[in-house]
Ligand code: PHB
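So this first bit is one chain, no partners, the form predicted alone, shown in structure tokens.
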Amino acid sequence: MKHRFTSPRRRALLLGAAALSVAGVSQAQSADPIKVGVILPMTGPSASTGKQIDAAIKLWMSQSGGKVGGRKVEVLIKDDAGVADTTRRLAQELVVNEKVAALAGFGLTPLALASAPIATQSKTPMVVMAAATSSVTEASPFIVRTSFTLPQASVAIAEWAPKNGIKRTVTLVADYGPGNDAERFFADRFVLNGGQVLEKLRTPLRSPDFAPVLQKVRDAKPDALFVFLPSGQGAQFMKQFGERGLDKAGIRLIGTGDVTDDDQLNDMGDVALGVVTSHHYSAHRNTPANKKFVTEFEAMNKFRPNFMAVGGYDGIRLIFRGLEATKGSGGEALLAAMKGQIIDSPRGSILIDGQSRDIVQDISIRKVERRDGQLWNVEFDTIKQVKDPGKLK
């Protein structure tokens, strides 16, 4: 049997060709798009949430050029219609088939909780842009939040109300995680401040009929009704509040900012005038950053941005900044790069707490007023850099 020996010159050529081949594969891989999977309720009862976040992400992509370090970022929008089983399946497909660097979106708490185990098992960072139950970030060590928590907003209005002539209240909330948080944290702080909660009422998350509970409120004759409802239900509620004559009966309406959602506010009519709420964002905010955001958002979409939009806008920006820091890597490196970030948002300065991975932000007290022929949530007081009270020991 004859052995063939390779000359030194030929061996060098072969090694060089192999090196070029490996480099070519490496360059091809580095040129592949970085994928981000966004799961939103684009249809169904919470479609307004999906519409707002999707529009905000598209605005950021337009402003940023959609690239990180020269690599294209591909955002894959998936519609879960607000169904948790669908959210879980889509998260699995995005992680396994699309190999996304991050998951994002999550319009309601049950949807975020359905995806949490997938984020944990695959070590995929998961940016919650909407869901607002305090415990959401505890469902996975890979969850980061850019929306808000109901305790942040509820405690703020519970501090304001007793100082402004409200001593007796009834609470009315949607019967799921965020509603339970709103009810508990408002009532506890309101009572601590000397107030009295006459009754605690709840409505179903799906297809609520507010008429029966509003009659109970009218019969109780409180100074004010405290309300939390998920984004999209405010207009229907305000209509029935007016039809039942609660405003004319002298019952003031207070709540978290979801009930006077900027996206629906102009459709609510005069019954919304004077409603006082606490929230982390108002499209009326008079700052250069917010004016720029609102102007460019409306130019692209022909509708006003709301608090869901700003959660999506800051969420995709957080992911981009994290990817820039990791040079496109996902996993634990991306998670670490997102912790501790400070962002100059349209809502003001926000911080991602390095330990809780939750958002620290200003909470404002607002009153619905008519300005230039439109209804706006006009901010008149602000509590600076509020941590989630649900995580304070």
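Residue positions are given as counts along the sequence shown, with the first one as 1. The structure presented is a predicted model; accordingly, all values stated were derived computationally and were not measured.
Only in words, not in the display: the form predicted together with P-hydroxybenzoic acid (PHB), which the text now covers.
- Residues placing heavy atoms within 4.5 Å of P-hydroxybenzoic acid (PHB) in the predicted complex fall in a single listed stretch, namely 127-135, out of 267-275, 89-97, 114-122, 127-135.
- Remark: Asp80 does not count among the residues lining P-hydroxybenzoic acid (PHB) in the predicted complex, judged by a heavy atom distance of 4.5 Å or less.
- Proximity of Met308 to P-hydroxybenzoic acid (PHB) in the predicted complex: non-hydrogen atoms within 4.5 Å are present.
- In the predicted complex, no heavy atom of Ser140 sits within 4.5 Å of P-hydroxybenzoic acid (PHB).
- Under a 4.5 angstroms non-hydrogen atom cutoff, P-hydroxybenzoic acid (PHB) in the predicted complex lacks Phe186 among its neighbouring residues.
- If you check P-hydroxybenzoic acid (PHB) in the predicted complex, you find no heavy atom from any of Gly234, Tyr281 and Trp376 within 4.5 Å.
- The listed set Phe210, Trp160, Tyr176, Phe320 contains one residue whose heavy atoms approach P-hydroxybenzoic acid (PHB) in the predicted complex to within 4.5 Å, identified as Tyr176.
- Checked against P-hydroxybenzoic acid (PHB) in the predicted complex, the residues Ala224, Leu108, Ala101, Val155 give one hit for a heavy atom within 4.5 Å, which is Leu108.
- Residues of 211-228 that come within 4.5 Å of P-hydroxybenzoic acid (PHB) in the predicted complex, judged by any heavy atom, reduce to Phe228 alone.
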